[in-house]
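Given next, in structure tokens, is a single chain: the form predicted alone.
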Amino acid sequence: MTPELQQWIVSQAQAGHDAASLLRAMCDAGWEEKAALQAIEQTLNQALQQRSVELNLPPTVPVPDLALDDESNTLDAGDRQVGVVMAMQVPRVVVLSQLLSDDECQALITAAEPRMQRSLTVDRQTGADLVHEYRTSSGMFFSRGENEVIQRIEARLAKLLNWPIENGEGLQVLHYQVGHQYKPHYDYFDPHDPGTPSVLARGGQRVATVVMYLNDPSRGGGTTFPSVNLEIAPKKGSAVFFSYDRAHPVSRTLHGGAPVLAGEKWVATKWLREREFK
């Protein structure tokens, strides 16, 4: 590759042209497809690394992901087939259907309901839990592998995402009534917060989230991604997966739970860590 070609690839990407259009242009100019793909990938990775150094961004880390391809709309989850409704690359957001059965959804709600309390957030100064006005749901945590249903769901997620069961936090169930919401936030722990080191000691940084919908709210309650103008409607048994390889807003994973306007919303959330969560 010449410096001129590298600069052209970077300038085209900065102008908003996707990798597919760059590939077409290079192939039209006589490049062999495989070589063109390698040139685009290498150039953009180098540019991203340089820009990361300039901005003093946290380093990227490996993240869970799904084995998606262009030929199938379903994924093997071990004990069931899961549908792929939508997949976005940046940020990495994938909407799944039929991840949970109706019976599994009801079993989680039934087991969680007697243990619900006001939902907490993490104190950025100390790393301790606290009540905050921007999170108005009630919730509870199951221990990892606490019962047969949770064991089955955790094994299913591990298979789908190629990520160890032990790297997951305990499943959290949340209940939102009319007017309840979770304002936009990031799931990773800010490296600059004084309380972050104590949180990371339990298993490293959070690297991905799976939000599973346990019922169908009558109105509202969608999962929003304001940075990319995306809202996902809650549908019983379906889920949204998203990952973040940097603990920084450049991940574009700002997200929230929109207010429930009618009915109620039940969700189960699974956070995945870099290492074994203890």
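For every residue, the number given is its place in the sequence shown, counted from 1. Computed from a prediction, not measured in an experiment: that's the story for all the values here.
Note that the form predicted together with pyridine-2,4-dicarboxylic acid (PD2) isn't included here; everything after this is about it.
- Contact annotation for the candidate site: 156, 162 and 241 all lie away from pyridine-2,4-dicarboxylic acid (PD2) in the predicted complex (no heavy atom within 4.5 Å).
- Taking the partner from the other structure, pyridine-2,4-dicarboxylic acid (PD2) in the predicted complex has no heavy atom within 4.5 Å of any heavy atom of residue 277.
- Contact check for residue 12: every heavy atom lies farther than 4.5 Å from pyridine-2,4-dicarboxylic acid (PD2) in the predicted complex.
- Taking non-hydrogen atoms only, residue 271 approaches pyridine-2,4-dicarboxylic acid (PD2) to within 4.5 angstroms in the predicted complex.
- Contact annotation: residue 142 falls outside 4.5 Å of pyridine-2,4-dicarboxylic acid (PD2) in the predicted complex, judged by heavy atom distances.
- Think of it this way: in the predicted complex, pyridine-2,4-dicarboxylic acid (PD2) has a heavy atom of just one of 108, 93, 99, 174 within 4.5 Å, and the residue is 174.
- When you look in the predicted complex, the only residue of 247, 40, 214, 211 with a non-hydrogen atom within 4.5 Å of pyridine-2,4-dicarboxylic acid (PD2) is 211.
- Stretch 183-191 is the answer when you ask which of 163-171, 183-191, 99-107, 73-81 has residues with heavy atoms within 4.5 Å of pyridine-2,4-dicarboxylic acid (PD2) in the predicted complex.
- Of the residues in 241-257, those that come within 4.5 Å of pyridine-2,4-dicarboxylic acid (PD2) in the predicted complex through at least one heavy atom are, in sequence order, 255, 256, 257.
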